[in-house]
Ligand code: COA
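Here we start with a single chain on its own, the form predicted alone, put down as structure tokens.
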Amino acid sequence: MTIRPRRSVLYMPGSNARALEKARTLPADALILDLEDAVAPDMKETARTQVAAAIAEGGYGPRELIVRINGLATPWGEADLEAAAKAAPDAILVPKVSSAEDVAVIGRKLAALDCPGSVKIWVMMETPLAMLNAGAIASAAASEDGKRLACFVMGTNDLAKETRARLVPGRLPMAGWLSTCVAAARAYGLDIVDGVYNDFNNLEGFAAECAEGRDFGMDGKTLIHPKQVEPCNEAFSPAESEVEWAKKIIAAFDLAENRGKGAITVEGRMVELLHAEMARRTVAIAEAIAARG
């Protein structure tokens, strides 16, 4: 089982050279080098150049690098996509995706640009149409043009703007959309990361929302400030007790007398094969986190 931790996914403005440099030292699992919302119109070209140069220079270690481009309908989108394809980060994050065809268009353009197959597509789920079409968007991963699709990124601020839903503790107005997107992602083998928490000085509220996102089934959370990285990593890492219990379940199912059984008893508790599958993923993610050092 090959798993890449995506607990903490930190936005870094592509127009800020110091931020791009600092990102090399932060314990984030992934970095979104942003050309879109975090960059003023008069800095778009500068940001594009700096992000491409930062990727070429390297030095980011195990951190996954994702470039968020501007939408193709904007004056900067096509040039962003071309530059990102040439820079070949781990993934390209596409904003305002609302249909499976939106994913397919990006896939065809990347193919035309001879972009390496290792470069995946991540999509922002941030429009009302995206919520209605979540399953269809995820299904693009099963098509030839959309096979690069790897991850959903929840854009909760834009969702609040477009739907007029309020961002309140517990996010009850968005619970249905969050769950729908998790189900759609899992149906097609995609990862999914939660939206940002805006009040970065409110660490208690942030911790609560991280726990909430994990309970929804998210793989991690997008972040807007470096101080959010470590508590986010902690929230989305399996607890030591979880890992120990998972190992006991795996070991029990591996015993000769239990092979082929659909359910067994471990320390007085009934566990099924589905629990063994969950246990193997828990151990795999723990090992992948430990391997990061």
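Not measured: the values here are computed from a predicted model. Residue indices: 1-based, along the sequence shown.
Note that the form predicted in complex with this ligand isn't included here; everything after this is about it.
- Relative to this ligand in the predicted bound form, residues Leu26, Val196 and Ile224 are all within 4.5 Å by at least one heavy atom.
- When this ligand is considered in the predicted bound form, Ala279 lies well away from it, no heavy atom lying within 4.5 Å.
- Looking at Arg68, you'd find a heavy atom of it within 4.5 angstroms of this ligand in the predicted bound form.
- Mapping the unseen interface onto this chain, Ala235 falls outside it, with no heavy atom inside 4.5 Å of this ligand in the predicted bound form.
- This ligand in the predicted bound form comes within 4.5 Å of a heavy atom belonging to Lys22.
- With this ligand omitted here, the record of contacts in the predicted bound form names 225 to 233 of 239 to 247, 50 to 58, 253 to 261, 225 to 233, defined by a heavy atom within 4.5 Å.
- Counting a residue when any of its non-hydrogen atoms is within 4.5 Å of this ligand in the predicted bound form, the hits in 23 to 48 run Leu26, Asp34, Ala38.
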